[in-house]
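As a starting point, one isolated chain is supplied in structure tokens, in the form predicted alone.
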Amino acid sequence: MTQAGSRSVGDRIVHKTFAPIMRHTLALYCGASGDHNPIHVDLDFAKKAGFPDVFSHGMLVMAYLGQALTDAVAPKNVRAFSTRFAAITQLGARLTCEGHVTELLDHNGEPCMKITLAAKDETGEAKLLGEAIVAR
């Protein structure tokens, strides 16, 4: 875990690569989340909808980014976490999550830092972008 107080603008705080997203991963996520949208697990359904294959739940990608963040800083120090979806995450994608300090600030009277976050696949395409406010 990172010592938040010793960080400067530009420092990379978050860096974690995950195993490729497989059909089994999607099936497990369906069960754990209760999100059984067939676009994520039913190949025939996905093809009828115009996609070449099933693809990852956006919230699964967000969970990976959140895990990468809380592996890097103590969860008790996270004050805010927000994301926006940038692209569909295809089956087999190997995501790398990164975060860099972009600002040192006071948040509700507490010294904090803003971390810009991204989850990208192995080609470098951004799948999820976000930011976090973390106590320092």
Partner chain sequence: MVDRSAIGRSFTPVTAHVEPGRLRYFCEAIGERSPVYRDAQAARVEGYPAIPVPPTYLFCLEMMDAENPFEFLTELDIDLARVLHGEQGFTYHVPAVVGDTLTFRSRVTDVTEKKGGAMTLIAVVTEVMRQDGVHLADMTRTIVVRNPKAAST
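Positions refer to the first chain, counted from 1. Because the structure is a prediction, the values reported are computed rather than measured.
One more form of this protein exists, namely the form predicted together with its partner chain; it is left out here, but the text below deals with it.
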{"property": "P38: touches its partner chain in the predicted bound form, heavy atom cutoff 4.5 angstroms", "result": "yes"}
{"property": "Distance check, L104 to its partner chain in the predicted bound form, heavy atom within 4.5 Å", "result": "no"}
{"property": "S33, heavy atom within 4.5 angstroms of its partner chain in the predicted bound form", "result": "yes"}
{"property": "Touches its partner chain in the predicted bound form: V54 (any heavy atom, 4.5 Å)", "result": "no"}
{"property": "Triplet S8, V14 and M22 all within 4.5 Å of its partner chain in the predicted bound form via a heavy atom", "result": "no"}
{"property": "Residues within stretch 39 to 69 having a non-hydrogen atom within 4.5 Å of its partner chain in the predicted bound form", "result": "I39, F45, A49, F51, F55, M59, L60, M62, A63, Y64, G66, Q67"}
